[in-house]
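Have a look below at one chain only, the form predicted alone, in structure tokens format.
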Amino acid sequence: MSLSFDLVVVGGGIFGLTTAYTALKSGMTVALIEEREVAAGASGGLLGALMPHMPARWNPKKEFQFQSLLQLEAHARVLEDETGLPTGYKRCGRILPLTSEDKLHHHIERAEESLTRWHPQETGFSYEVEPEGSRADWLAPGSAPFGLVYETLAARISPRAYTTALAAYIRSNGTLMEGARFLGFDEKTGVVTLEGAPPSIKADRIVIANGYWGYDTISEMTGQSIGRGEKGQAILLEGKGLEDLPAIYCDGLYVVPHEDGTVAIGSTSDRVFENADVDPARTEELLFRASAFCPRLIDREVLTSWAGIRPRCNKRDPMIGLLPERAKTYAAVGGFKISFGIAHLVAKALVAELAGKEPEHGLPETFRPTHHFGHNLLAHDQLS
């Protein structure tokens, strides 16, 4: 079987799925190849917290994330209309407890800065400090002795529902190959070699977007290691009656109610790990810590636990764009904790780059391969 595509995307996580989806909508012929199944890695988690950076020390990265969060609701609604499937998206807001007088003053300053950065008169999104005892029906008052922040830009999405909807669109409008392991790409011939059926396909260009495993692929291609994996773990509880409550960030954990009557708690972050398996002790720890500041979680049934390896670039920010000394091989890796909030805007910028166009919102320089590698040479002479 001989198949040829404008673009082959390697990896069925959130970066790979949104890149394939956006490329298909731009008119490209696209194949997405995934070694296991869609969202088998970090993108198959439970939390779905879409949380903004603090409105302080503003920079291009924070502005890019802000624009992403502004656009994500419309993106999710279009995808739901196209596929007839839910994404679990809702602008839920977020609570941040204040545990010291210093933090109180710090966040009063952030609230002032949000008036400039979040443009509340235009967007309607607010960042406000509320007094001690506020929202006591959800957050234990003792966890917020100096009051709390309530901001309305934060949102949630169901990782599994969202990735399922993206995959459904790709199956209907492009080619999705699960169980196909990527082995290599010859830029001269355009041959993409796979382990599985079909054994090879052709592509004009490829995007490496297979998360934590992508670092090994990129290292083989460039001779440089630009990232690592960090293990995260989360749990899902029965959450009937909590669906409309805001997310809470406290004690290093998020509690995120979802529209299907569940509530997610997570996530841990371990740089040193032996495997990606669920650690029962971690599950108990998550439930214990979250119940301490959120008593309404006590005695709720644990429905499932999740663990996975999240990709983190050594220079923290994700890496998006053309690989060094390559002319047709791109990458989109390393979203770590903000992947779901920025993936759709990353995909728009990357697909614009593939098409030789200027994106509406350009990528921050710290997202570019030059930031991660120090150089990014176009090796057109290799193709001549």
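What you see is a predicted model, and the numbers here were worked out from it, not measured in a lab. Sequential numbering from 1, following the sequence displayed.
Keep in mind that the form predicted in complex with a small molecule is not shown, yet the notes after this line are about it.
Interface residue remark: Trp213 is counted as part of the site for the small molecule in the predicted bound form, having a heavy atom within 4.5 Å. The closest non-hydrogen atom of Ile309 lies within 4.5 Å of the small molecule in the predicted bound form. Mapping the unseen interface onto this chain, Gln233 counts among the residues with a heavy atom inside 4.5 Å of the small molecule in the predicted bound form. Although the partner is absent from this view, Ser43 contacts the small molecule in the predicted bound form, with a non-hydrogen atom inside 4.5 angstroms. For the options Phe293, Trp118, Phe182, Tyr89, the one in contact with the small molecule in the predicted bound form, meaning a heavy atom within 4.5 Å, is Phe182. Between the small molecule and the residues Lys315, Lys337, His53, Lys61, the one pair within 4.5 Å by heavy atoms in the predicted bound form involves Lys337. Partner contacts here mean any heavy atom within 4.5 Å of the small molecule in the predicted bound form, and among 31-39, 320-328, 53-61, 351-359 they occur only in 31-39.
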